[in-house]
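Taking the form predicted on its own, here's one chain by itself in structure tokens.
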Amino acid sequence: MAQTFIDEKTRNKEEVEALEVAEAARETQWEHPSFVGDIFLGKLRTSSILPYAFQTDEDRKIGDAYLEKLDKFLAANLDGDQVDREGQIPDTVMKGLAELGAFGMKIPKEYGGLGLSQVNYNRALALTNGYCSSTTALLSAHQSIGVPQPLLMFGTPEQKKKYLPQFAKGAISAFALTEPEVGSDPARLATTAVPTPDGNHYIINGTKLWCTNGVIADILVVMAQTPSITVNGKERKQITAFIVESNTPGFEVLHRCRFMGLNGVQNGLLKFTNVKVPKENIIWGLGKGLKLALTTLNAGRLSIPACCIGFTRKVIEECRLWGNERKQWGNAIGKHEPGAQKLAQMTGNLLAMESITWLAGVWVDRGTQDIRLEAAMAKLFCSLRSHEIVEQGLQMRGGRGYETYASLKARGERPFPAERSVRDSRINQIVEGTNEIMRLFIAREALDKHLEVAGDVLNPRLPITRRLTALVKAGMFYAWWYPLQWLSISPWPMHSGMGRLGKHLRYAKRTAHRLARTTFHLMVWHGPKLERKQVQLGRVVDIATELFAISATIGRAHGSKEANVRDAADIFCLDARHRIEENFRAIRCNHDSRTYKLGLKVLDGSLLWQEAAR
């Protein structure tokens, strides 16, 4: 098990406690290989992407059949602009989705669900998001992080038998973790669950915020703090997951939250006042709530990139049509260099988004890869690239991009919801872990092997004798590992049969070595203080994310029979390489310290002149 360290000299008690709680909830074992984990260690495993793990023909046929029915229903019944305008998904749509089994897509057939694979589930979300993001958020929050997913992974046979058939028929679920004063800091969780004197029930009290589907949920998974335990003489907080039915006395919805986008989403502020829940409703066990949440989110996060793919496709389609239709200065705007460049970059980015999302989905279905890093990277990458695409789409549409769908339609023009796409897509960089948190999560996991080898050396809390012993062990590992990171030559004949794609793959293999030694240099230079260098860690993560995207895109393009897919892959790889080199330059030469100091001065009121009227 990997060791970790916390620099207590620069952390207050609350910070140390928060980090210790988060660390205790981590998955510490790597039962299967991780493609991205190997990248951080300087190894790009081409055997995982060549050949690319395409969905099997049999599974694709199952997905195609369901998507055909779903698409037909959505086209006839779901008006995304109406949902956005009225803030409500019509009852007819909710009923129709239930009849189609859309609320039980991942639930096994033995419980009345459709039993779809992860890939087909993601395909269905992508299709739905092309019509309405609020509806997709409903389905995703219900199945990706709501009660069905943790039940499938950790529920007892009795819990599954009782609840899964209800969800398959259309019962709505929600996931309640965030609180008004608690976002990504579980140590400060205020909702409590106190056992009754007979030990048969728990009494839950507290408030939950931004609970998607919470306003209409029938059943929720609620994270609450149960009585602490003592471990090695220190108190350890216990966070436990409970199944709570919304008709239980003491549960109430205080407020429905409204946002800049996703106007149809039923997100709310929830209150629990002496809510009595039987002990049988604990999922997995006492104190395992946070680990349950993190583990559930591994595959659950793939719903975000799948959603990103859905509306991105629609934006590119509209830009292609508009790029041919709209004439300026004697030519179609798509044929002017800026327009053509936008279309090329959009297409390349969409190819990369699909490549990493479908690849990670197949790995989930096969169960042969640990995808905790890959899922987090897919969420990080797709949320950024897709928002760039919708912004470019709005810009390409000009004034018509800024004008609403309803206004365009009212004055007789072919409407397209460009501005709504921008509003709806922005949430993807925030929900299910902000992109800043994703970078820190990925960075911590990426350092896992180094902390296993050298964590004791860098841990100032350990006695000097133990640190010296660890130093000898670490020296033996790095004596062979570190020199290998400089032997990163990828000669021209390697992958030469792949043409330009081979050139990009050789670059990715060389750069994996470069990234590994750069990460090592940062660890040696900063020691325990590296966990404070969050901007530097973010650059390391961004480089690795681009390498994952390059690798997956090359693999998919090499195995694809689609027209011009290699050209799209080539453009994406060139753009990604440019971003990688920018991050390496920023690691070597930056002004992070001065920027941080100025930020602190803004906080303490030293720059109030910037706020004064002049």
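On a predicted model such as this, the values are computed, not experimentally measured, just so you know. In case it trips you up, residue 1 is the first one in the sequence shown, and so on.
There is another form of the same protein, the form predicted in complex with a small molecule; it is not shown, and what comes next is about it.
Subject >> Among 169-177, 111-119, 278-286, 342-350, the region lying within 4.5 Å of the small molecule in the predicted bound form by heavy atom distance >> reply: Going through the listed ranges, the match is 169-177.
Subject >> Among the candidates 389, 376, 217, 211, the residue which, in the predicted bound form, approaches the small molecule to within 4.5 Å (heavy atoms) >> reply: Only one listed residue qualifies here, and that residue is 211.
**OP:** State the residue from 89, 431, 501, 97 whose non-hydrogen atoms include one within 4.5 Å of the small molecule in the predicted bound form.
**Re:** That would be 431.
Original post:
residue 440: heavy atom within 4.5 Å of the small molecule in the predicted bound form?
Top reply: Result yes; residue 440 sits at the interface with the small molecule in the predicted bound form.
Original post:
Can any non-hydrogen atom of residue 259 be found within 4.5 angstroms of the small molecule in the predicted bound form?
Top reply: So residue 259 counts as contacting the small molecule.
Subject >> the small molecule contact in the predicted bound form: residue 534, any heavy atom under 4.5 Å >> reply: Residue 534 belongs to the contact set for the small molecule.
Original post:
With the cut-off set at 4.5 Å between non-hydrogen atoms, does residue 267 touch the small molecule in the predicted bound form?
Top reply: Output for residue 267 is yes: heavy atoms within 4.5 Å of the small molecule.
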